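Shown here is one chain on its own, the form predicted on its own, set out as structure tokens.
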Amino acid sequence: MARYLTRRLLLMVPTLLAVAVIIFVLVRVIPGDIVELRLVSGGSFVTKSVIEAERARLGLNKPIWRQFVDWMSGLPRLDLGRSMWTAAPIIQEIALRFQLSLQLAIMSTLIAVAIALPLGIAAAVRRGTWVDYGVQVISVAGLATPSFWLGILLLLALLSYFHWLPPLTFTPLWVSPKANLLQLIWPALAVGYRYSAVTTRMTRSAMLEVLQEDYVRTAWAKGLAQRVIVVRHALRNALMPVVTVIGLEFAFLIGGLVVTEQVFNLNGIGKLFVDAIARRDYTMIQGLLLLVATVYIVVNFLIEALYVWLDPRVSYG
């Protein structure tokens, strides 16, 4: 087990290197030029010498391989370069927004798990009853409801019935927990309900499969309590696919809540993605894509480590 996890950790390095190469190449083939966008898009006349000077300042006049080497040489020092649009260090630009996106992803995941596990278990145990059908309605409604639309409904309800809106300025949790939670609980509820639908369906499906196993039938025949059978024997063995879904959803939430962030006026990673692409900010796009890829790789590693704890029968050779 330890050797396998160590090997997986070491494999992250070539994986991230391959991802960095792909990101760098794909970003460079995006149509558009940041220099022309900054200097010419407003309709003003700019001489060719000014454009070339700006390209030289940004390092875009260098050969592609040289730009790649310059970028890669800073990664071991966590130096992602500077934004081509604001000239600010990219690591600082990302850090300012990452704490918001990370907290929102964690809160949304906790809400999704708190909703999905009880509903999925109840639907599996009460298969074919009104409980099962009710859970199916709730989960299908969650799958069909975009989180940003649900967020708009929440804001309208808060304004119409309580004459109150969440704070517009983000406050870190350690500065004021109350102000922080008042702002982020509503987008977390909207996103958490949306993603709980997928987890609910997966929990129900996995539980139904495990409940048909011989050892569960034997536990029923021995007269064990239903709670012991469901929680200790069935749920733990059914959690492996559920944990996979939860982990992948969590990784997606780090940079995939673009519209939801716009609805709740949150300046997170998703909004930074949109701004960087609209501005053709190559270095910022590279840094953000590498961040998301790193989150996915780390989450997958943690999921594999959890498999052994959830099911001792799993053995990594």
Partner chain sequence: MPRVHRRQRTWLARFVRHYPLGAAAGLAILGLASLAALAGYLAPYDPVANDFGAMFAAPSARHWFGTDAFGRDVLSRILYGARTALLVGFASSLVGATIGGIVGVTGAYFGGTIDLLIQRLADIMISFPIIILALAIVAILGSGTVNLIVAIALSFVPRIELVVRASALSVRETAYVEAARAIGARHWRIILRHMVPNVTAPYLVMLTAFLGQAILLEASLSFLGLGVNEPTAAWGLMLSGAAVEFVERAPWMAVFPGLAITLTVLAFNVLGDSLRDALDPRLRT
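None of the values given here were measured: they were computed from a predicted structure. Numbering follows the first chain given and starts at 1.
Beyond the structure shown, there is the form predicted in complex with the partner chain, which is absent from this document and is the topic of what follows.
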{"query": "Leu10, Gly81 and Leu302 all contacting the partner chain in the predicted bound form, non-hydrogen atom within 4.5 Å", "finding": "no"}
{"query": "Per-stretch contact check against the partner chain in the predicted bound form, the hit in 93 to 101, 151 to 159, 106 to 114, 213 to 221 (non-hydrogen atom, 4.5 angstroms)", "finding": "151 to 159"}
{"query": "Exercise: Val258 in contact with the partner chain in the predicted bound form, heavy atom 4.5 Å", "finding": "yes"}
{"query": "Distance check, Gln262 to the partner chain in the predicted bound form, heavy atom within 4.5 Å", "finding": "yes"}
{"query": "Contact of Pro167 with the partner chain in the predicted bound form (heavy atom, 4.5 Å)", "finding": "no"}
{"query": "Contact flag, Tyr307 vs the partner chain in the predicted bound form, heavy atom cut 4.5 Å", "finding": "no"}
{"query": "Interface residue in the predicted bound form among Val274, Ala56, Ile64, Val50, criterion: non-hydrogen atom within 4.5 angstroms of the partner chain", "finding": "Val274"}
{"query": "Contact residue in the predicted bound form, from Ala88, Val175, Val228, Ala141 (heavy atom within 4.5 Å of the partner chain)", "finding": "Ala141"}
{"query": "The partner chain in the predicted bound form - contacting residues of 276 to 294, heavy atom within 4.5 Å", "finding": "Ile277, Arg280, Tyr282, Ile285, Leu289, Val292, Ala293"}
